[in-house]
Ligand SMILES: C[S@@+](CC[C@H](N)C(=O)[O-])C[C@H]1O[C@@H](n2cnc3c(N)ncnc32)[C@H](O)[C@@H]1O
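Only one chain is included here, represented as structure tokens and corresponding to the form predicted on its own.
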Amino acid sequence: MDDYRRANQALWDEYTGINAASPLYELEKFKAGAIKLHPLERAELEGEVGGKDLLHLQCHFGMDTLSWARLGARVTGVDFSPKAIALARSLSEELSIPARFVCCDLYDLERHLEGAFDIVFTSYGVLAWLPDLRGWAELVARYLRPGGTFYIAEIHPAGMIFSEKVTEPEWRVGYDYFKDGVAVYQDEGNYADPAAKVENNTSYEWMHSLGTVVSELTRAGLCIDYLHEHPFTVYRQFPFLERREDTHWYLPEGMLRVPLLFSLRAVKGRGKSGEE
């Protein structure tokens, strides 16, 4: 693991306690039996998970992983934060939800996990922490069985170019969509609790275009079933967003829309005819 990833690991170790205590994650509701998945991924993937082996990459402290288990999947979660994985394991034990959790850097996963899965899943704020998207796509393909499904729901890179430091409902470009290399950020607080005191407040992130995501997955041997773009998101990415009854966050009425999320489903080992 390089210095960038070590710094990010320390940041996410610190984020674990902040996020677990925040209203955004609603940990107590999860402990009481709630499924902590958003309507988008439930609508697009839930019908496929029953009785299947599911690998969750970058699982944080495991609420989504364990939610898939509550919906009938046999789950394995992976994250590079020791504190996040420790909390995930304790939740699994406390709630009697069978799950396996692996703590390692994503790119070292083959040294820690064998086998293959029916579904590989990842979601929301994951790609920006990965310096090597080709290596990531190859890992996705490596852990899928022939005919297996990969699913990602993620913040749309087009929406990430706009500055969040605005007070009025307006679009102001603040970031480079085609930025190469690492970007360094220093922020107070975190996305779940802006008032939190964070000691490890330097993060190292990478911008990946939507074209790069699709190209690397297809290069790794996956067949794209669909790529959906959505005019809503899962957190208050901009201060003028409005939360609706479906729990997603939307732009105010009349504002010109841009894609805020995308979701993608791909299959391994399917030929052009649609047969495995």
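What you are looking at is a predicted structure, and each value in this text was computed from that prediction instead of being measured. Numbers for residues come from their place in the sequence shown, where the first is 1.
The form predicted in complex with the ligand is left out here; the points below concern that form.
For the three residues 60, 104 and 124, a heavy atom within 4.5 Å of the ligand turns up in the model of the complex in every case. Residue-level contacts in the model of the complex: of 130, 71, 97, 141, one residue has a heavy atom within 4.5 Å of the ligand, and it is 130.
Shown alone, this chain has one stretch from 194-202, 181-189, 163-171, 105-113 that lies within 4.5 Å of the ligand in the model of the complex by heavy atoms: 105-113. In the model of the complex, the ligand lies within 4.5 Å of some heavy atom of residue 81. Heavy atoms of residue 262 never reach within 4.5 Å of the ligand in the model of the complex, leaving it off the interface.
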